[in-house]
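Just one chain follows, in the form predicted on its own, and it is written as structure tokens.
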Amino acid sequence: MQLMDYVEASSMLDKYGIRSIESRYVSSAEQAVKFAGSSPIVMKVLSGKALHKSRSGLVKLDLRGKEEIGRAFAELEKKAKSLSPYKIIAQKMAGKGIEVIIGGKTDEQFGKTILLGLGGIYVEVFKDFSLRICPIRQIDAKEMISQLKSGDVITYNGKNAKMLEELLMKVSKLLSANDRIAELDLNPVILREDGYDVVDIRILK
């Protein structure tokens, strides 16, 4: 399996109406500063040799100003030398919210499946997730959310439930329509009462 280029993966999500956080590859600190403008940014090293970026110190959060962004870029570049080939990507900083994971894979027996669960480290710690075979309907999406112990928490007591249902159906449609996707991880997706941001995308083909 091969890791899909991040910008290509983001473009694929866009075609299905799945919004990911604004991102751009940067090859210098100057490019990162220009991309940031007056907004805080995140920078990450992307490499097929480093699948757990946060644990490896390959993510720098809430960067502001020329000096801070410059120092962070230099640190990431130094750490990334052993991970070549690599790219450094800059992203706008996502707003605060609740992290969930939306994943999918091709199962030999059942075909495409879709997963919803608490995101970040919590999907591994609490194992609070639900799973369905694609394609899913709105009733399936509702059931996926209600099956979670954290269902009320991630939907803000139902305030964004419809939005999350629609997002799950869009991901299901993407998975069902693309045979070349072997695995997909959107983790984290930051959920708020009034919207969401897909912060990290990992697609294996």
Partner chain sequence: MAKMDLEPMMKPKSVAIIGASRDPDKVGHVILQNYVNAGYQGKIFVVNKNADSIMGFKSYASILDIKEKVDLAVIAIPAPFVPEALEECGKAKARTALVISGGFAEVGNKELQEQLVAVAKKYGIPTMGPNCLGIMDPRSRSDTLFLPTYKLARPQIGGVSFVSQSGAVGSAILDMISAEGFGLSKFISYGNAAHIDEVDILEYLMGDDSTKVIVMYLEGIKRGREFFRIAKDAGKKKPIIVLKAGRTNAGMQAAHSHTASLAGSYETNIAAFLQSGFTVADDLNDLLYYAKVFESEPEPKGNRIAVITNGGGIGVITTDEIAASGNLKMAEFSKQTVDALKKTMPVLVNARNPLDLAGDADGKRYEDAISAVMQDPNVDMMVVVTLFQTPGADSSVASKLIHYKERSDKPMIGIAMGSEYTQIHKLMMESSGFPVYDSPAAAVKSLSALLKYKEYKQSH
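Numbering follows the first chain given and starts at 1. The structure displayed is predicted, hence computed values, not measured ones.
Beyond what is shown, the protein has a form predicted together with its partner chain; the following relates to that form.
Though its partner chain is absent from this view, in the predicted complex it lies within 4.5 Å of a heavy atom of just one residue from Ile89, Leu131, Ala94, Leu76, which is Leu131. Residue-level contacts in the predicted complex: of Leu174, Val45, Ile136, Leu164, one residue has a heavy atom within 4.5 Å of its partner chain, and it is Ile136. Taking the partner from elsewhere, Asp179 is found to have every heavy atom lying beyond 4.5 Å of its partner chain in the predicted complex. In the predicted complex, Asp107 approaches its partner chain with a heavy atom inside 4.5 Å. None of the heavy atoms of Glu68 is located within 4.5 Å of its partner chain in the predicted complex. Contact between Ser28 and its partner chain in the predicted complex is not found at the 4.5 Å heavy atom cutoff. Note on the interface: of 152-160, 58-66, 137-145, 31-39, the segment with non-hydrogen atoms within 4.5 angstroms of its partner chain in the predicted complex is 137-145.
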